[in-house]
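Heads up, the chain below is alone and in the form predicted on its own; it's given as structure tokens.
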Amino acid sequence: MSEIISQSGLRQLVADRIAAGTIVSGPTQVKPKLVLYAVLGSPDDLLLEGFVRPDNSIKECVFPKQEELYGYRIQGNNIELTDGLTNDDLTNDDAPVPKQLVVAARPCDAAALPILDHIFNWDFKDEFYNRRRAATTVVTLACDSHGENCFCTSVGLHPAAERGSDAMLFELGDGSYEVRCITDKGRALFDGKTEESDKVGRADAGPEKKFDPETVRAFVDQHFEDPFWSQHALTCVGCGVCAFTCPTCHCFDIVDAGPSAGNARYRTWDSCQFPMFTAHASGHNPRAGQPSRQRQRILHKFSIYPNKFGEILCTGCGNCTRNCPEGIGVLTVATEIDHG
């Protein structure tokens, strides 16, 4: 027997969580032809069909675009910490961290969270990330279709991959969903909300495998100075949309905002595709052009990160290519490498 929930029941669950003060996020239509993950003001805002995937990712639920680390007050030669999550807060289990629920995320988004866990718990445990991660429940919606830029099967995933999900929904075609609870968080969320049924959901078969990641890894390791990078990056404008919409890219900068901005230290998203990312105070830039920056992104995803953490820094969502104004991305680069 399976467990099912109607679409109205799912929306009621969302309404109940919003009423309880939980931050609920999910796909929503923000303008014609643009679907994004965003905080839902109403269960009616939740979009459950008619799109392949949102154009952003759920990483900003646990790793915000900008977050205040702490405020500070300068008094003579002394600096006093004020607002923000201070060191005392980080060790205080009672410090308030809002509960979050992500509904109808794609499996390729949820799969990014265990990948991000590595980088935020490597040589330093990032409590800002970890506290949000622990407070977040992720309910995925198995893919019933895929787009031309999707390539999850090329990096070891598929349209019903459970990794990173607390529960997964499968469309049954009659306005209801099979619910498969994966973790205690998922079981707690759907406890008493489902009905038994003999119906079983099915996911899309997924895209055909488009490249071999080991072939890509071997190429980037052995062709650091290859003309390929210059040829491939000719049309790259360095906008960074590839990194900002990627579920796994995680570069950030730490900036101090002075008195006019309230005296605070912030963590903000950054990208290896930006010219200033590697600029030295001396004026030297070891990655002075877009070819070297494109190389770095692919090298990081298929070699540097796997060498350190044992897995690819990519879930095959296709957002980088889908959102790039020039159609560049992991898929186009990796496919070109693999096909010679």
Partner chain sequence: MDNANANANVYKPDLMEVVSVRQQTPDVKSLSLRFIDPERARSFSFQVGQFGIFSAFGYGESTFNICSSSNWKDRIEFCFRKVGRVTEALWKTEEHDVVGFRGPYGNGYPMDVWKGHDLVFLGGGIAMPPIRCAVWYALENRADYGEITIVYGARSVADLVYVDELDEWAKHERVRVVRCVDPGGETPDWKGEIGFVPHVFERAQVQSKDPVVLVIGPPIMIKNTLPILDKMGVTPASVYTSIENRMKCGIGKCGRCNVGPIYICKDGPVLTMEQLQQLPADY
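For clarity, every value in this text was computed on a predicted model and none was experimentally measured. Take the two forms, find the largest set of C-alpha atoms that superpose within 1.5 Å, and that set is the rigid core. Positions refer to the first chain, counted from 1.
As for the form predicted in complex with the partner chain, it is not shown, yet the points below apply to it.
Contact with the partner chain in the model of the complex, defined as any heavy atom within 4.5 Å, is confined among 22-30, 54-62, 39-47, 273-281 to 273-281. Taking a 4.5 Å heavy atom cutoff to the partner chain in the model of the complex, the contact residue among I79, V200, V237, A218 is I79. This chain lacks the partner; the member of R180, R267, H158, R132 within 4.5 angstroms of the partner chain in the model of the complex by a non-hydrogen atom is R267.
With respect to the partner chain in the model of the complex, the three residues N121, I254 and R295 uniformly fall within 4.5 angstroms at the level of their nearest heavy atom. Using a 4.5 angstroms threshold between heavy atoms, L34 stays clear of the partner chain in the model of the complex.
P96 falls outside the set of residues with a heavy atom inside 4.5 Å of the partner chain in the model of the complex. Looking at I312, you'd find every heavy atom of it more than 4.5 angstroms from the partner chain in the model of the complex. In the model of the complex, the partner chain stays beyond 4.5 Å of every heavy atom belonging to F211.
The two forms, fitted on the rigid core, differ between this form and the one not shown by 2 Å or more at the CA of Q75.
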